[in-house]
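Next up: a single chain in structure tokens, the form predicted alone.
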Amino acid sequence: MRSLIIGSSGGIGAALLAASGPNAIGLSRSQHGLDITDEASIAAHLGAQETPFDRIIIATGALELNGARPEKSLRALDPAAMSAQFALNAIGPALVLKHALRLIPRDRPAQIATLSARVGSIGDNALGGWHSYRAAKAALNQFFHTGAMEIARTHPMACVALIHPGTVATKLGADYSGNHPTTPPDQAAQNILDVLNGLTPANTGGFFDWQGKAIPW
């Protein structure tokens, strides 16, 4: 299986790259100059790829950007911080989906998956707070759910999915794990791959946790 891991220098991304076998390649900002918040950069890096991929995983994202921590109240909302969250956690992956479509085959099963977060679920939100991150992930969910419907018309054997990896012991979530048990990146990566291995085109557009259970929107 040929796999492309976008965000391959991060904790989960690096683990996914290592676990995806010898036919996997990675793209990241620190190692390859891919800026997921810049469509020209996305187009150039994905445009340089020619051979189709059986699986593309977008493993980018951040809770804290430019020193702006997740908000605890509406009083803390800041337009610049909100825009940064949407650029990285929603718009960027959506643009990857746009430019990656040419890289998956039409005549055999293929997958495009992105890492989302349970806190992006409106139906599962009982605590509030983290307004911008929650909203960005909810927007990401909508982009991929809606995109999956369109992609199914041209790539009926494809599965587009959103995966919540759980609380992973990475720099991204180190300050926000609280009392939640954390999962090492290598185990989180294997959990993600196990979920993806169990998905079929019938699951396209779905939002799943690291155990493969559907998460409410």
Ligand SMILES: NC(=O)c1ccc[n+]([C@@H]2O[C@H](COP(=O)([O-])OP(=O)(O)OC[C@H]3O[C@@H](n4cnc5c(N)ncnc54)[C@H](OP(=O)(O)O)[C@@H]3O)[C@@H](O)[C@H]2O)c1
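In this text the structure is predicted, and so the values were computed from the model without any measurement. Heads up: residue numbers just count along the shown sequence, starting at 1.
Same protein, other form: the form predicted in complex with this ligand, not shown, and the subject of what follows.
- Only one segment in the set 69-77, 97-105, 141-149, 111-119 has residues whose heavy atoms sit within 4.5 Å of this ligand in the predicted bound form; it is 111-119.
- Only one of A158, L34, A161, L46 lies close to this ligand in the predicted bound form, with a heavy atom inside 4.5 Å, and it is L34.
- Contact check for T51: every heavy atom lies farther than 4.5 Å from this ligand in the predicted bound form.
- When contacts are judged by a 4.5 Å heavy atom cut-off, N203 does not count as touching this ligand in the predicted bound form.
- Using a 4.5 angstroms limit between non-hydrogen atoms, T167 touches this ligand in the predicted bound form.
- Using a 4.5 angstroms limit between non-hydrogen atoms, T154 is distant from this ligand in the predicted bound form.
- Along 43-63, these residues reach a heavy atom to within 4.5 Å of this ligand in the predicted bound form: A59, T60, G61.
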